[in-house]
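We've got the same protein chain twice here, in two forms, each standing alone as structure tokens: structure 1 and structure 2.
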Structure 1
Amino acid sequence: MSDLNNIPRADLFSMFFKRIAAVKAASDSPVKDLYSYPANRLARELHPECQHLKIKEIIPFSDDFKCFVFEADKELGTEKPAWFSAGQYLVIAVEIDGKVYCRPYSIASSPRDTLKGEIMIAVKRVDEGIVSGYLLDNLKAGDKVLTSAPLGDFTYEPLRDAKTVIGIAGGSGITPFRSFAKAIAEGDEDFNLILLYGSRTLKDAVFSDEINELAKENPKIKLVNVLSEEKKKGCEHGFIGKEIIEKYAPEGEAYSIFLCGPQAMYDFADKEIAQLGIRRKFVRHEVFGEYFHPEKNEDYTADISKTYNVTVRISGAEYTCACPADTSLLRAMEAAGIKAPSDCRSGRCGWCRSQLISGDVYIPQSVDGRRIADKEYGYIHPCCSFPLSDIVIDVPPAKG
């Protein structure tokens, strides 16, 4: 306002009338190409509806763990992979036996790698994992893949997070931390990373050597391998709990904790972290994918052996499928060939948000990311909802 006060009144009137004249002189026909505007082009590059990529290289660590390096498939309209924040993920869509499956995979490369036209994910074979097995056993260099734009909020935010982050990684949960470490080394992230990496043996600690090399060159990065099934010099032994966290935490300073790993690791680590008295905002969980075995929870009292009928309504059409009590509604819909929306598959993003018309479901408290209003008005996330009766559900159409 002070700048305007310094402009002579005559000049202000002149600017006003010039703008009025420019608006009147402009064409009133619709804009044919919205992307002729630089702001719209930039928005499309940063937040594309989807990305058409193809496999540039496959880096095998074992038959059960591989890295897939993607490049843009320019023939299908993607000029380059979208820029992302370290810690985000891609949703990979694949067709298997005529059915479309979507799965989230953390990005392992650094944001700066997109400037070279590359983006990388790591895939580990998962028990009952339809998609992970398919990707590991079937994909080869040159194959085309459809993915989402970068998604997720497992990112560092200086307004929320402490200057030091203690990362807790288990198994393939090391993937986003590789991205964090590279981003720190390349100057695109500015925080101290103390990474506690849990593995069975040192041989299983994928990316460990690479992150250690980054740590030698950058004092903001520190890696501590924690081995559960062997003892090695320079490594901790056991599981990542309260004592190990306190041993490496900065003394007298606030710190954040970022966790990424399997469900069992979260169940154990959360109980240990609760003993540290850390403010809730300083504890961040990456989505770990689908929730399995709801019957292991103390508050689950239903008969896990039963199978229920699910009626699915999508944009006026109606489908039916069977859903065992230990299977999420989303997984049952996919198995039946019903195309339903999904991104994180962990109850957080809300992309699969659907209305429960009738019936009852069980939702594990640890993954119930619904808003209060959704709970009150009967909306659920099918990705982490398990049937307790026959179900009728109204599902939004899937994108694409």
Structure 2
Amino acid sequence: MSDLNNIPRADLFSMFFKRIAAVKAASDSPVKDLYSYPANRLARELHPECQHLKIKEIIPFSDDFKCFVFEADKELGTEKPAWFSAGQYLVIAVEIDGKVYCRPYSIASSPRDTLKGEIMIAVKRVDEGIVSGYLLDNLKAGDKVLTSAPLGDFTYEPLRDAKTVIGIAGGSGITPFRSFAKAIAEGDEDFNLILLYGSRTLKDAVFSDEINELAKENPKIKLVNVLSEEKKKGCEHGFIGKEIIEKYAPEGEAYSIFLCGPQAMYDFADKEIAQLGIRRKFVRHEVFGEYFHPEKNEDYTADISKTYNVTVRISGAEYTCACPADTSLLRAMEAAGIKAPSDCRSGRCGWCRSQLISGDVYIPQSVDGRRIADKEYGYIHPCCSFPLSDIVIDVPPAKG
């Protein structure tokens, strides 16, 4: 006798018939399209594979600093620039002498501007910068530009960050803060932004007037210009350090610090912030720029003057290029016209992740953003990997 005797075995057959009947009754028209589901539609809208944009307007602040306002290139299939979270960046792909170069640029416009069909980046001329120079000197209204979807995690997260953010901006590092300020003014972000903006002179403080205009209308936004080479009324003088931060920080209340600027600013500000005794969770840096001069690190012991051969496999095809020891594998591939994927170029996003088939590389610890298992199984981020020998590498094809 079984405990289950009262449970009918014949139900097995009725179960079969239920299935047969359900399938029989179903429609035989083609299955629903993937984008008939709201989640798939929204995913495509927020994270398009790429964005076909064209230049609507160029706003020159100087020969070395311009804003590029893009609009969607509907002919190529982009309906409007994707919505983003203030603080994110776009990767711009440009073809120069038959080679494709990709560079990340912080978005300066607000998320809500995308609803008007616009998105804006700011470009500052960088020494030896192939791409910034090309953009500043060659692009004109109407030109087509291929970009990534909005990317990056230098964003305000309400469940993580304090209600007040002290923004520390240097040079073109002001760009994402213009977006933050505008997003607050437009109601898409809800936090207090106290922006400490470091420039040499007030004339160099791009966007300063605009942000001040926003601050006039909105008590959540405050701008303090910190000038290193001139003294001006209403501005702080010097570099952004402990004293200035403390002067403007909210009293008796936790605050977050968001930093965006050149490495030299980080080096100075980080030492000052360390003296404030605030927790690590309240200090966030935007990655800004590529890694150069690996030889400056103590753990770099190889000969920096050497050049190595790199064999690159992409989807079964093979390419070769030379890579000097002081050059990242990504830059070497780019210079040789080999199309490799890249987004942040700072070791963090992992989009260039590739398999190291043979050879050795040097990866500076401070920019080694790889997963634990990737380290164990021989995967690298070419944007932050420098050759120590001849290399064979398997790289995913770039998209777009």
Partner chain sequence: MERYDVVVVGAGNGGLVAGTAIAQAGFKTLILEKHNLPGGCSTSFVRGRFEFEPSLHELCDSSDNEGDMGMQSIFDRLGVKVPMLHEKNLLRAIVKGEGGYDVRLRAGYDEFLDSMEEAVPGCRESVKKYLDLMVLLNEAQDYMNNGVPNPATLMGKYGDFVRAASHSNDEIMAGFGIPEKAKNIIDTYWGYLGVPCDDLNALHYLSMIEAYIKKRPAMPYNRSHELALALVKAFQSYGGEIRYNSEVTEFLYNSAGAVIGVKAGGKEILARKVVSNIIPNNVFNMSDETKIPKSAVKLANARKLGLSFITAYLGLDASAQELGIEDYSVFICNSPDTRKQYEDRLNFGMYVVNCLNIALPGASEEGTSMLFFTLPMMPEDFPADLKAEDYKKYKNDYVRRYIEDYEKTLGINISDHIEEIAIATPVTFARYLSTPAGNIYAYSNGGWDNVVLRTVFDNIDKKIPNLSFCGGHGIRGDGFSSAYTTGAMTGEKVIAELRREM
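Between two forms, the rigid core is the largest collection of C-alphas that superpose within 1.5 Å. On a predicted model such as this, the values are computed, not experimentally measured, just so you know. FYI, numbering is relative to structure 1, first residue = 1.
Here, the chain labelled structure 2 is taken from the form predicted together with its partner chain.
With the core held fixed, Ile363 shows a CA shift of 2 Å or greater between the two structures.
Lys66 is not among the residues whose C-alpha shifts by 2 Å or more between the two structures once the rigid core is aligned; its shift stays under 2 Å.
The two forms, fitted on the rigid core, differ between the two structures by less than 2 Å at the CA of Lys232. When the core is overlaid, the C-alpha of Met15 ends up 15.6 Å from its other position between the two structures. In the rigid-core superposition between the two structures, residue position Ser29 carries a C-alpha shift of 7.9 Å. Summarising the core-aligned comparison between the two structures, the C-alpha atom of Pro324 is found to shift 3.5 Å.
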